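One chain comes next, on its own, written out as structure tokens in the form predicted alone.
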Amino acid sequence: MGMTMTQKIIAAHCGRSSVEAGEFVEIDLDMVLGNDITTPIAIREFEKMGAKKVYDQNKISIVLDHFTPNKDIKSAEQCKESRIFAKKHQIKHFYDVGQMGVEHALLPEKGIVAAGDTIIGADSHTCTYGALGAFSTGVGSTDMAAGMARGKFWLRVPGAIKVKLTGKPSKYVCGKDVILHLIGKIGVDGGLYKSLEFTGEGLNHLSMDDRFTIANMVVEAGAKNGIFPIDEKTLQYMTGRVDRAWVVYEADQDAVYEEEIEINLTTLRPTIAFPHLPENTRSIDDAGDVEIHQVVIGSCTNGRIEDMRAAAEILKGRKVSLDVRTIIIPATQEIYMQCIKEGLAEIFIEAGAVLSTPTCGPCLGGHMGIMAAGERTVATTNRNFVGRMGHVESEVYLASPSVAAASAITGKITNPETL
């Protein structure tokens, strides 16, 4: 019986020639990730289990990104605890203010993760790295602690869903629209504990930034991981970033998939997830007249340079509505610098937006964009649960950078094609 990409990676990392969906195995890890919220909990569990040292100081990443720059005393204490641990154990990949970025944009950018790797992270959107052809999944802080101590992870081998992409997307359709459409189609539990494996000639029209966005949000369909085949775009992205050998895995021709889904990119329209679940999707053509009070463009989902460029294209020469607080957050220092070099920062500021330091910030209701009761935000983030970005009576609408930027100008959810 053939294996999927994910199953091949898992088999290689548990020393077996093959694995099947439903089996329980223990795999060797190439990277263990934590942030300023989850790492302090993992540190305490690490010490509670009696661990004295980490399994490999080069295979642990700690990124202070959620509540940084620190918003209060509690977040400052969490970051301090993480700094002390990183220094004590000489963690190579430790990123603090000035070096940090939103973790799931930072690790690929710096070449820390690569094709064929196994990665766990104490953050649900660790599945992002499947865009590179890696097996990566989110875990709890206890699993992170065990991973730091032993370099191993115990899991059930997931079954798989094949997602075939065909056609070519129109101008204002991007990876965000693809994943929102998919979640709307199968629901927030439609991929529960499955590997979503993307394939098809439509991939030729998706950039690496598109793929990172799609892989990032497979967890919103309940998936264990998402993964993309390794092609010339993947190899080009890793070349010059990754300073070690990587391994290319391909699904077998007779790999077993529990379901196959096809999405025609040609007919796909800009898509918005209405409150309060990512599955509550509508085409931009059916969005109606929704007044908004805030726009957030950024996060581990859509804070990359292509997202910044898409927003700038819409905002250039225009002004955001005086009734809309527009917050733009490049996901890393490198992206922030690129925004300055390309003149995007000037476009944002002249349009009346605020340009923030890299941070998760408002995405999780952390800081720098909290909403009051009755307010609505169009955000390029990944979740729109009740109270996700502030008051329980506020609302989050998930959309692409182009839709978000267009909406900032008009003060209501807007199709960028109409500007």
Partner chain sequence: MIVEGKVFKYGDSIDTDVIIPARYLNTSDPKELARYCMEDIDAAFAKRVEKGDIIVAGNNFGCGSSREHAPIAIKASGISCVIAKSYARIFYRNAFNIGLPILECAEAVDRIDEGEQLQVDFETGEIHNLTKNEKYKAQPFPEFIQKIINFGGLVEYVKHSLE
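Predicted, not measured: the structure shown is a model, and the values here were computed from it. Numbering follows the first chain given and starts at 1.
This protein has a second form, the form predicted together with its partner chain, left out of what is shown; the following refers to that one.
Asks: Looking at 334-342, 320-328, 187-195, 295-303, which one sits within 4.5 Å of its partner chain in the model of the complex if you count heavy atoms only?
Replies: The contacting stretch is 187-195.
Asks: Please tell me which of V157, V139, I284, A114 lies within 4.5 Å of its partner chain in the model of the complex, judged by heavy atoms.
Replies: When its partner chain is considered in the model of the complex, the option within 4.5 Å is V139.
Asks: Does any heavy atom of A223 come within 4.5 Å of a heavy atom of its partner chain in the model of the complex?
Replies: A223 belongs to the contact set for its partner chain.
Asks: Indicate whether its partner chain has at least one heavy atom within 4.5 Å of a heavy atom of K59 in the model of the complex.
Replies: K59: no, not in contact with its partner chain in the model of the complex.
Asks: Closest heavy atom of G374 to its partner chain in the model of the complex, within 4.5 Å or not?
Replies: No.
Asks: Decide whether E26 counts as a contact residue for its partner chain in the model of the complex under a heavy atom distance cut-off of 4.5 Å.
Replies: Heavy-atom contact with its partner chain at 4.5 Å: present for E26.
Asks: For the stretch 366-390, which residues lie within 4.5 Å of its partner chain in the model of the complex by non-hydrogen atom distance?
Replies: Residues within 4.5 Å: R383, F385, V386, G387, R388, G390.
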